[in-house]
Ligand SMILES: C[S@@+](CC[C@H](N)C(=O)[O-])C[C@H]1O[C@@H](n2cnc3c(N)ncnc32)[C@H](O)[C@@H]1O
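A single chain, nothing else alongside it, follows as structure tokens in the form predicted on its own.
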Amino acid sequence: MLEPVEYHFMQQLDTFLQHFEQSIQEDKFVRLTLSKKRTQDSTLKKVITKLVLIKKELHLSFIYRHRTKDITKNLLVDQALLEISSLIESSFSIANLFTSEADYSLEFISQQKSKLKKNKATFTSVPDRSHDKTKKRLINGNSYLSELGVLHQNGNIKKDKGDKFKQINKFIEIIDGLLRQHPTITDSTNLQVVDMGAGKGYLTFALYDYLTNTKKLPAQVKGVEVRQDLIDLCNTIAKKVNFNQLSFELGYISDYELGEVDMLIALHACDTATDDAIYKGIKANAQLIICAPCCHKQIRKQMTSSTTLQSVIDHGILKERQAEIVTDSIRASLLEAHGYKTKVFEFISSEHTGKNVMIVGQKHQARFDRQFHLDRIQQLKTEFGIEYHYLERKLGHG
């Protein structure tokens, strides 16, 4: 039989849980927190719960806050009620229920004392119940991303394609920002875009989708690739999803005859293939040149000394990273020397891909000092004992 004080506490607990249930039924629930643990040997410090909608069904999302980590668990409302009751009875002395109508506080003070209080509501409105915040996407790609193996037919991301999906969306976000900064490119009556080294076409398809379906631009997009099987696959998918102005062609970047182009893209073209793409973009007077380099062997082989940074290039991995920095610095300066405003930045976190540096050149009409940029390149070459840069020679400066 329960002692009077314990019986009184259980009555208060029942009342507290009734308020909890009612707040959910009336959609007034904001948050519930459990704190002031009863036993010092437990690593669990606090529990926070919020109401979420998962697959159209209400759940309580529990965050179990330990000393060194948080653990999240989602329970259906009936299960959550039992979990909260158990935690209050065994582990915590204070339970706070926040609703849009009132706040309720239940406190277990001692074996002889407990209290339940009602206070003025801290919050006057309830939070969004969405479990996953829906981020506005700039592409509509369920059909082609499913065909390319990134999404399931129901639109969910495949287990091993999360990084690829993030990369695709980040790339389109970058393109969107560039077009906002360079709006004249969208004035073209037939926007010409070439993706050199298109691979399986993930980004090429997404770019076409963004330009034609999101931006409603009259765009013709071509992907250039050396593997015939990928060209056949991508052309088949493009036809299947009715991307009528998207096509894929066989060709090496160095040999490809580039006609009129407004936007040239070369993502992860290996070593000097990136330079070939930049060269062709400059010669074609492309308004946007977008590269994500891969491999930097041409400069690395030449780096033999440095008057001040010898200790950096004494070690293989540091020399490799320094070669990347020097190579891309020269590429950026050469773009500047040919009338492009240049940005070098992280494309996407290295957590998702190691090939994460992007170089963007935006054509401008302002005056520029070509010799200034060529002199900077020469200083870099002298510092690291570099004879020449491949792109420099292609452009006739070496």
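A residue's number is simply how far along the shown sequence it sits, counting from 1. Everything numeric here is computed off the predicted structure, so don't read it as measured data.
Keep in mind that the form predicted in complex with the named molecule is not shown, yet the notes after this line are about it.
Contact with the named molecule in the model of the complex, defined as a heavy atom within 4.5 Å, holds for exactly one of 191, 175, 106, 203, namely 203.
In summary, among the residues 215, 300, 164, 73, the only one with a non-hydrogen atom within 4.5 Å of the named molecule in the model of the complex is 164. Stretch 269-277 is the answer when you ask which of 269-277, 118-126, 181-189, 323-331 has residues with heavy atoms within 4.5 Å of the named molecule in the model of the complex.
Interface residue remark: residue 262 is not counted as part of the site for the named molecule in the model of the complex, having no heavy atom within 4.5 Å.
In the model of the complex, residue 253 approaches the named molecule with a heavy atom inside 4.5 Å. At the 4.5 Å threshold, heavy atoms of residue 152 stay clear of the named molecule in the model of the complex, well away from it.
Mapping the unseen interface onto this chain, residue 241 falls outside it, with no heavy atom inside 4.5 Å of the named molecule in the model of the complex. In sequence order, 197, 198, 199 are the residues of 171-201 having a heavy atom within 4.5 Å of the named molecule in the model of the complex; the partner itself is omitted from this view.
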